[in-house]
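The chain below stands alone and is given in structure tokens; this is the form predicted on its own.
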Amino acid sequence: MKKLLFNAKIPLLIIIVIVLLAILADALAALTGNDPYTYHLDLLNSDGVPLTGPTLQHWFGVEPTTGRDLFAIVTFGARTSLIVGLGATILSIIIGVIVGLFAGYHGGKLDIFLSQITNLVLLFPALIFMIALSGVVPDWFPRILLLILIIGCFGWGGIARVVRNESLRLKNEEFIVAAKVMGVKNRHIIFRHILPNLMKTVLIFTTISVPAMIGSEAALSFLGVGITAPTPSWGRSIAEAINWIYVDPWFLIFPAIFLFAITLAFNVLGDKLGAKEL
């Protein structure tokens, strides 16, 4: 346990720092005097290129064409990414766990049906469909909620398959067989006996799923069908920064570093949890 905590300390620290930045984004904006929606056109030249890089007033510099504070964009973008990532992960975990539990425990025709649905979800070209769906949904529908629903509804296949396999194994254990003999209802067995024994697996899969969901949001925003302006988004900032890389590299560097850090930290944490017994 101590060795696990030591190995997981750095990725966990990175996650905590970024989460705190997201939570305290409004307070940090008040502290620095900059928010992600105020233009500072006086800091740009006639071509929209920032006159300076990071300064004491603008810690990460400013955005080209608008002069918006990059530190504020990154911190508020962290909030956007984490809300979408965590929301989509929770939705996918709920769907996947329920599907996997019932398929594995009941078996038979229900298992065959649910397994085929799971395979369809895993094989479906989700990104293409998400792009198409994001492009046709009306603008009045909350974009963050839309991304949570779309990404979450296409992300449960993996956890469903893992939970199904574990449920198949657990239902033949002696304590489950004994519960059946005593007349315990199936629902009680599933949620009171099998599910608690799957929590470590679910936790590990959750830590691995969060960066995948964050990456999906960034990809959709990068392609222009995710978070819309002026709401800050790491993916959209990276997409817009491509055109300014040679004249204002800070615009690309900071959102990319934070996106890379959060995805790497969650993946490493998941690997550490999976490699050791808690």
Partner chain sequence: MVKHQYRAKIAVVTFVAFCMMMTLALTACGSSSSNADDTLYILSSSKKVDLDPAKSQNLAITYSAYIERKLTTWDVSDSGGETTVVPDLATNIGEVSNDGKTWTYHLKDGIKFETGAEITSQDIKWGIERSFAPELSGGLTYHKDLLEDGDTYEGPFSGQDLASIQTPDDKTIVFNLNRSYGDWPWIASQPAFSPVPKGTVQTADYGKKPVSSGPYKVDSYEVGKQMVLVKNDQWDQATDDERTFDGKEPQKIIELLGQSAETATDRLIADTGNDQTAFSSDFVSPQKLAQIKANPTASKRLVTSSAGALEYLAMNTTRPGLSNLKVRQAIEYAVDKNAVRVAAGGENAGDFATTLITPGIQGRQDYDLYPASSSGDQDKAKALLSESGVDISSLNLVLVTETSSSLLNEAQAVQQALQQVGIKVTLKEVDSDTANDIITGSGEFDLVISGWQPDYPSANANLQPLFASNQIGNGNYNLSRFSSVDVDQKIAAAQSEIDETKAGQLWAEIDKEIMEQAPVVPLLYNKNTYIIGSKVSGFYIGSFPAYPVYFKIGIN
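Numbering follows the first chain given and starts at 1. It should be emphasised that the depicted structure is a prediction, and the values quoted were computed from it without experimental measurement.
There is also a form predicted in complex with the partner chain; it is not shown, and the following applies to it.
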Quick one: of G224, P54, P249, G33, which gets a non-hydrogen atom within 4.5 angstroms of the partner chain in the predicted bound form? G224
Let me know the one among A212, I238, L44, L28 whose heavy atoms come within 4.5 Å of the partner chain in the predicted bound form, would you? L44
Since only the chain is shown here, I'm wondering whether F60 would be in contact with the partner chain in the predicted bound form (any heavy atom pair within 4.5 Å). no
Even though the partner isn't displayed, in the predicted bound form is E174 close enough to the partner chain, meaning a heavy atom within 4.5 Å? no
Give a yes/no on whether L127 approaches the partner chain to within 4.5 Å in the predicted bound form, heavy atoms considered. yes
V49: touches the partner chain in the predicted bound form, heavy atom cutoff 4.5 angstroms: yes
For the three residues T65, A229 and N243, verify that every one has a non-hydrogen atom within 4.5 Å of the partner chain in the predicted bound form; reply yes or no. yes
